[in-house]
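Here you get one chain, nothing else, as structure tokens; it is the form predicted on its own.
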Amino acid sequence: MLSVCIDFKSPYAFVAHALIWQLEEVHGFKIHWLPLTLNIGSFLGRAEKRADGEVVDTNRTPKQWSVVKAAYRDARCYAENQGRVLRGPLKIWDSSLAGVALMWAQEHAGTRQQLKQFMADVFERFWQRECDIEDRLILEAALSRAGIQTQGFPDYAAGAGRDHHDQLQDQLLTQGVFGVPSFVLEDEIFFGREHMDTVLWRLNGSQGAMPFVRYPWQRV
């Protein structure tokens, strides 16, 4: 089974998610999506801005700011190439509830298209600053728009779903998954969308030479 780890608050997951779906829709390999909730503040510090861009609270060093700005410049290039809008978030979000909603959607979606629609909806709205991924009601609305049932989700989000999410974080980190998007294929882990060709090569039985690592710039 191919598992793909994502986090809705990752710009690199945002610009890669539609491309990754091609592994299933074009090549026929069903994807098991896993939420990996990144603790960005632990290595890049925290910051909060107003809508006009003014920083109102931060503990970032100049070096951390340089890393963050460079990462967003890079991700915006990919977003613009795909015709997408990527607006930097005004704070570091806790995306764990959105990860729980992803697990619910994967379990309760009647079709794969419904799951894809939910993911695309949350990604697009979040990166246009139109989706509070810490608000359960907003996530329920995204589930409903995709045609996925929400009855039972509040209890799931507060109980079994939250427990499963938290246990999964420990499991993935112990396994060696540290960033998103990451592809987990049996005992192999490939970090980054640039490894999609290699992942597909592995899925097809590793026939012929291993592909060169590349960045998929094509529109999706």
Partner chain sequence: MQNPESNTSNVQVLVDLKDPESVVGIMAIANWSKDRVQTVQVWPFVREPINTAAEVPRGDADFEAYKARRSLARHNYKSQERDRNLQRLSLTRLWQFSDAGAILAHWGLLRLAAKQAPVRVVAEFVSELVACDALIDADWVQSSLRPFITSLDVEMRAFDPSTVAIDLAQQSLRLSEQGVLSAPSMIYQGEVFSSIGHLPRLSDLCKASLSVSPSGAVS
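Not measured: the values here are computed from a predicted model. Positions refer to the first chain, counted from 1.
In what follows, reference is made to the form predicted in complex with the partner chain, a form of this protein that is not presented.
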Note to self: On the criterion of a non-hydrogen atom at 4.5 angstroms or closer, are Leu173, Ile189 and Trp201 all touching the partner chain in the predicted bound form?
What the structure shows: yes
Notebook entry, point to check: So which stretch, 111-119, 75-83, 143-151, 126-134, is the one near the partner chain in the predicted bound form (non-hydrogen atoms, 4.5 Å)?
Noted result: 75-83
Checklist line | Ala157, Ala47, Ile31, Leu44 - the one with a heavy atom within 4.5 Å of the partner chain in the predicted bound form | finding: Leu44
Next item on the list: Verify the contact flag for Val56: yes if a non-hydrogen atom of it lies within 4.5 Å of a non-hydrogen atom of the partner chain in the predicted bound form, no if not.
Entry: no
Check: Is Lys63 close enough to the partner chain in the predicted bound form to count, meaning some heavy atom within 4.5 Å?
Finding: yes
Check: Heavy atom to heavy atom, is Arg162 within 4.5 Å of the partner chain in the predicted bound form?
Finding: no
Item checked: Contacts with the partner chain in the predicted bound form - residues in 198-214 whose heavy atoms fall within 4.5 Å -> Thr198, Trp201, Arg202, Met210, Pro211, Phe212, Val213, Arg214
